[in-house]
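First, one chain by itself: the form predicted alone, in structure tokens.
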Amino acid sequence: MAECFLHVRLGLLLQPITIIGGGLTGLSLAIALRKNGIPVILHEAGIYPRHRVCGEFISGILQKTLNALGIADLFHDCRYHTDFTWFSANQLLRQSLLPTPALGISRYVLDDRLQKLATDLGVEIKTRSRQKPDPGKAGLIWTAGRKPVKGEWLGLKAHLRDLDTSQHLEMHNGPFGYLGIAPIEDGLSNVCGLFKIDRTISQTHQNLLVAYLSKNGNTHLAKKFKTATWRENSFTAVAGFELGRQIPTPGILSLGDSYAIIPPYTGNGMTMAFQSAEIALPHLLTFSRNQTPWSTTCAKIEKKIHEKFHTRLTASKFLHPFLLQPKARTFLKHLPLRPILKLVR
């Protein structure tokens, strides 16, 4: 399908949508657009399925969002997490119930399900396709994730078996970062950490994750990792990024992580990806049906995105550095959970 192609449906000339980036935002948006008869081309730099650095639990998502995007059925067999445990170094701080269950599913499975559904619906997916921004191009959406910068953070992720944890959500923090554990499918647990980069650590692959845990004071957990079974090829790492609002590219409509990366401790990253697609959908439909010009469409979406995410991004930015301080132990042990979650979700 040529990008300039105008698709005829019910007597209307439909403007096609081009999406750069085939993660959660790009795929779910493509699915929702195709369910409304809009022609979609999606470019993905990688292939499916693949592992991504991600907490792999979805917290605070509403059923109406999944229904609006037409993807609710893809979560039929996911894990439901009802409580979490928080540790600081090796000290147990608290065990609490979540206000609403969090959904546990790996990106390896979820991305693959999404891309198969998108393909079945007629989305033209081009893998191994790296694209450059084309500012001002009508119908072009950028959902290609983080924008590379010289950031101070390193993200590490892997799937482990025989970890001997509580089988619920766990968070382990320390002075240099934190790591979450989320049970997923097939008896596996996703372990995903965010740490301040330390260039004196020379280990590689899974030993790198163990080294960062040890440096962070999570020595008991590091020992468990050494004896656990690591899922082959599941270890991934990403560096060179900053949290919060990403540097905007003028003339480009950015959604999902391309718009902002919320600190992982909030458990809200995957939810924001789907919410971004939900917010953009009705405005893209009116554009594609030639009812709204592209510049107006972008302005409306950007305004709605800002209104939806501004409070949680501001609150999480304020809380994030505090979690790495020793005095955070008392705070984490006694903080009222529901008010905090309302701020960051």
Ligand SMILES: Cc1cc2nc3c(=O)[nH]c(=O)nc-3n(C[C@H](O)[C@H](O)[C@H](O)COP(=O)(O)OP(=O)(O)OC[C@H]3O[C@@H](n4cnc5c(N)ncnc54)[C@H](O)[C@@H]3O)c2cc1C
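Computed from a prediction, not measured in an experiment: that's the story for all the values here. In case it trips you up, residue 1 is the first one in the sequence shown, and so on.
As for the form predicted in complex with the named molecule, it is not shown, yet the points below apply to it.
- Answer range among 81-89, 228-236, 198-206, 140-148 for contact with the named molecule, defined in the predicted complex as heavy atoms within 4.5 Å: Of the options given, it is 140-148.
- Query: Though the named molecule is not shown, can you say which of 71, 163, 270, 158 has a heavy atom within 4.5 Å of it in the predicted complex?
  - Reply: Answer to the contact question: 270.
- Exactly one of 66, 45, 281, 319 has a non-hydrogen atom within 4.5 Å of the named molecule in the predicted complex; which residue is it? Exactly one listed residue reaches within 4.5 Å, namely 45.
- Message: Is it the case that residue 17, even though its partner is missing from this view, gets within 4.5 Å of the named molecule in the predicted complex, heavy atoms only?
- Response: Although the named molecule is absent here, residue 17 would stay clear of it in the predicted complex, with no heavy atoms inside 4.5 Å.
- Task: Verify the contact flag for residue 174: yes if a non-hydrogen atom of it lies within 4.5 Å of a non-hydrogen atom of the named molecule in the predicted complex, no if not.
- Result: Outside the cut-off, so no.
- Is there a heavy atom of residue 50 lying 4.5 Å or less from a heavy atom of the named molecule in the predicted complex? Residue 50: yes, in contact with the named molecule in the predicted complex.
- Does residue 214 reach the named molecule in the predicted complex, with heavy atoms at most 4.5 Å apart? Because no heavy atom of residue 214 falls inside 4.5 Å of the named molecule in the predicted complex, the answer is no.
- Judged by heavy atom distances of 4.5 Å or less, which residues of 188-219 approach the named molecule in the predicted complex? Heavy-atom contacts to the named molecule in the predicted complex: 192, 193, 194.
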